[in-house]
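The chain below stands alone and is given in C-alpha cells; this is the form predicted on its own.
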C-alpha cells in the first residue's frame, strides 16, 4: 500500500531499475535503510491477528454481524481482510496476470509511461519521499481511475493488450466494494449509511500496482517504508508471497499479514481516522521484500475530493474533538506531506552530522 508522500522517480543514471538491480549480489547504497527502519519480522512469518470478515449476507440478515466485526477491527488495527466480497474471481486473476506481464516488459517499453515531471499516472522506477535519500525496493504502475471525467487514457499503458479494459472493469468493481464497506463503517460509527460517502463529496480512486522484485539483501531495505495512508480506505489485493506488515503499538511489534486466497485487505487511512474522531485507527504499515520470490500487490485508494471537509462526523456529549477546526483534504494532505518531509530532512541532517563528527 502507498504512503502519503510525493512519489518521486529516482531520476539518477547510477541507479538501476529495480527489476534489473535484483541480479546484483549486494544492494546499492541508495536502497539501504538505517538500522531502525529495517525489517524486524520475516516476510513469510504470517500472523493470524488480522480479522478475516465474510461479507456474505451484508445486505440482509448478517449486516449486524459484519458491522460489529468491522467496528472491532477498525478500533484495534484499522485493518481487516474481507472474503465473499462479490468481486469476480476471474477479473482478479486477469488483473494479476496482465500486471505481471506489464512489469516483465523491457524497461524502454515501461518508461514510455514515465511519471516523472508530475505526469498523472504511469510508471515509476522506485520511489522515495521528497528530500529523502533512500529509495523503496519496488516498481509502480499507477492508474487515476475516478472521477471518470478526470481520466487521462494517454497515461494508461497500452501493453499488455487488453489491460486498459480490465483495469476499467476492476476499478469499477472495487468502487462498488468500497462504497459497500463505507456504508458499514458509517453505521459502525452510529451514522447513516451514506455519511462517510457524502463527506468525500466526490469519491477519488487511484489504482497502484506494486511490483517487488527479488532482493539480494532484503534485511537491509524495504519495499515500501512505514506509513499511514492519507485517504479514507485502501483495498489491497495481495498475492500468495506475503510482505505486508502492520503495527498497532507505534512500531514496537510488527506482524506480517497472512495472504488469504480470494481476500482483499482493507485498511483505514488518516481521513477516516479524523472522521471517527480517533475512534478508528489509521493503519500503520509497511512492505518488506525477500530474496526468494517476486511479489505483486494491487492497492486501490479511495479518497475524498480535494475540497472534502476533514472533521469528525459525530461527537458524543462531552467528547473532546481531536481537531481544532475543519480543514479540506487538500490542506490535510499538504500538512502531512510537510511533516513527513521535515522529518526526513532532520533525519538526513542528523545522519550527516554523525558521519562528520570527529572520531576520538
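None of the values given here were measured: they were computed from a predicted structure. Positions refer to the first chain, counted from 1.
This next part talks about the form predicted together with a small molecule, which is not shown.
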When the contact criterion is heavy atoms within 4.5 Å, does residue 73 count as touching the small molecule in the predicted bound form? no
Answer with yes or no whether residue 181 is in contact with the small molecule in the predicted bound form, where contact means some heavy atom within 4.5 Å. no
Heavy atoms within 4.5 Å of the small molecule in the predicted bound form: does residue 276 have any? no
Does the small molecule get within 4.5 angstroms of any non-hydrogen atom of residue 271 in the predicted bound form? no
Output flag, 185, 195 and 232 jointly within 4.5 Å of the small molecule in the predicted bound form, heavy atom basis: no
Exactly one of 174, 224, 125, 99 has a non-hydrogen atom within 4.5 Å of the small molecule in the predicted bound form; which residue is it? 224
Which one of 215, 135, 244, 266 is close to the small molecule in the predicted bound form, taking close to mean a heavy atom within 4.5 Å? 244
Heavy atom contact within 4.5 Å of the small molecule in the predicted bound form, the stretch among 42 to 50, 309 to 317, 324 to 332, 294 to 302: 294 to 302
